[in-house]
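Only one chain is shown below, in structure tokens, and it's the form predicted alone.
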Amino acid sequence: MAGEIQTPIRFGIIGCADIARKVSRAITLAPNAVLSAVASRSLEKASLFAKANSFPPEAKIYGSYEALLDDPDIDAVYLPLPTSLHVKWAVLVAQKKKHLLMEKPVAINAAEFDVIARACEENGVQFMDGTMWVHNPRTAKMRDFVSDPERFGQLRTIHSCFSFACDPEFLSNDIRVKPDLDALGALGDAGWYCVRSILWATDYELPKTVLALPGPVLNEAGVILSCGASLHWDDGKLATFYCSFFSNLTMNVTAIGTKGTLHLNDFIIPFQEKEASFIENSQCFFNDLVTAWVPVPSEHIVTTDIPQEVCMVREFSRLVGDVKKGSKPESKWPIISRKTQLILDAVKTSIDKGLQPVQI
């Protein structure tokens, strides 16, 4: 029925990672979701997390992940555990028939992710990774531009960067620098977003060849702290990205077509929560004296009532609601996650092989 109100999807959160604070708030703000439980390996930690993040009083607190998964009242699980734990717990989530919203990177490699995706498929549960920016209304507006043959033309090249400067404490102790927890380091944490932006711009067409750029920085344990790569398509499209734990906070994407250019300076986390902008130029050239651009590039501001992470939770919950009514899970999300992971794997292989090109 049109306008039918969906029963809120009941979320359980496994693990009290920092990012879970943001997603807890998103679940609270989403109109079709509710925080129903949180689990940590210690009851006290789970209880403190629930209090600090305004869980409803009826939310359940669990001192083990298994206990939450055994709760028949939980529809979906948000999983922000370290990457090395994803395959074990994601498979269990799926086997318990819970839908899965999981942090990125989705796995240590694509073979591990295939185990997760298969478990979700066999158990009929919806999978989505936690890449928030693709759900921002701005992203749909940018898609309109890059898909327009008159304004943008054919895509030729994409350049993406995500960096943030980490302090010595982070570089020594954060899970993202530990080979047994998040072995992909900056490539998995920051590079994931760059790769996703490149795939987004190419409408998820995988490149033929991936080549790591010179100068990757690894710590003593072999975890990548900074790296770059170039991606090459058969039709001549080229992309590059750079991700780093050493450089100033930067989140840029530039996509250049035969007729237009898209610029974005805050693609992962908008400068402001309720509005986001992008700059487009189309068929620009110089004026007669070559002292100015004609026409001048235009800035488009897209406002949103709800932040992008709430858009993500709302969309995931909508899909879960559809599955509960008998629809099949939306397959595009695991496919996109797998393509992103495949490129990460190729970059890491290229680095491990002394910057050799890797075929996808």
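Numbers follow the displayed sequence, beginning with 1. What you see is a predicted model; the values in this text were computed from it and never measured.
Keep in mind that the form predicted in complex with another copy of the chain is missing from the display, and what follows is about it.
Engineer: Work out which of the listed stretches, 109 to 117, 67 to 75, 156 to 164, 178 to 186, brings a heavy atom within 4.5 angstroms of another copy of the chain in the predicted complex.
Structural biologist: Selected stretch: 156 to 164.
Engineer: Test of understanding: in the predicted complex, would Phe170 fall inside 4.5 Å of another copy of the chain by heavy atoms?
Structural biologist: Because no heavy atom of Phe170 falls inside 4.5 Å of another copy of the chain in the predicted complex, the answer is no.
Engineer: Indicate whether Leu289 is a 4.5 Å heavy atom neighbour of another copy of the chain in the predicted complex.
Structural biologist: It does: once another copy of the chain is placed as it appears in the predicted complex, Leu289 has a heavy atom within 4.5 Å of it.
Engineer: Mark Ser147 yes when one of its heavy atoms lies within 4.5 Å of a heavy atom of another copy of the chain in the predicted complex, and no otherwise.
Structural biologist: Judged by the heavy-atom cut-off of 4.5 Å, Ser147 is well away from another copy of the chain in the predicted complex.
Engineer: Mark Thr83 yes when one of its heavy atoms lies within 4.5 Å of a heavy atom of another copy of the chain in the predicted complex, and no otherwise.
Structural biologist: It does not: once another copy of the chain is placed as it appears in the predicted complex, Thr83 has no heavy atom within 4.5 Å of it.
Engineer: Just one of Thr131, Asn252, Thr139, Thr202 has a heavy atom within 4.5 angstroms of another copy of the chain in the predicted complex, so which one?
Structural biologist: Flagged contact: Asn252.
Engineer: Let me know the one among Leu225, Ile269, Val91, Val125 whose heavy atoms come within 4.5 Å of another copy of the chain in the predicted complex, would you?
Structural biologist: It is Ile269.
Engineer: With the partner absent here, would Tyr242, Asn248 and Pro297 each sit within 4.5 Å of another copy of the chain in the predicted complex, counting heavy atoms only?
Structural biologist: The answer is yes: all three residues contact the partner (heavy atom, 4.5 Å cut-off).
Engineer: Using the arrangement in the predicted complex, list in sequence order the residues of 11 to 47 with any heavy atom within 4.5 angstroms of another copy of the chain.
Structural biologist: Counting only heavy atoms within 4.5 Å of another copy of the chain in the predicted complex, the contacting residues of 11 to 47 are Arg21, Lys22, Arg25.
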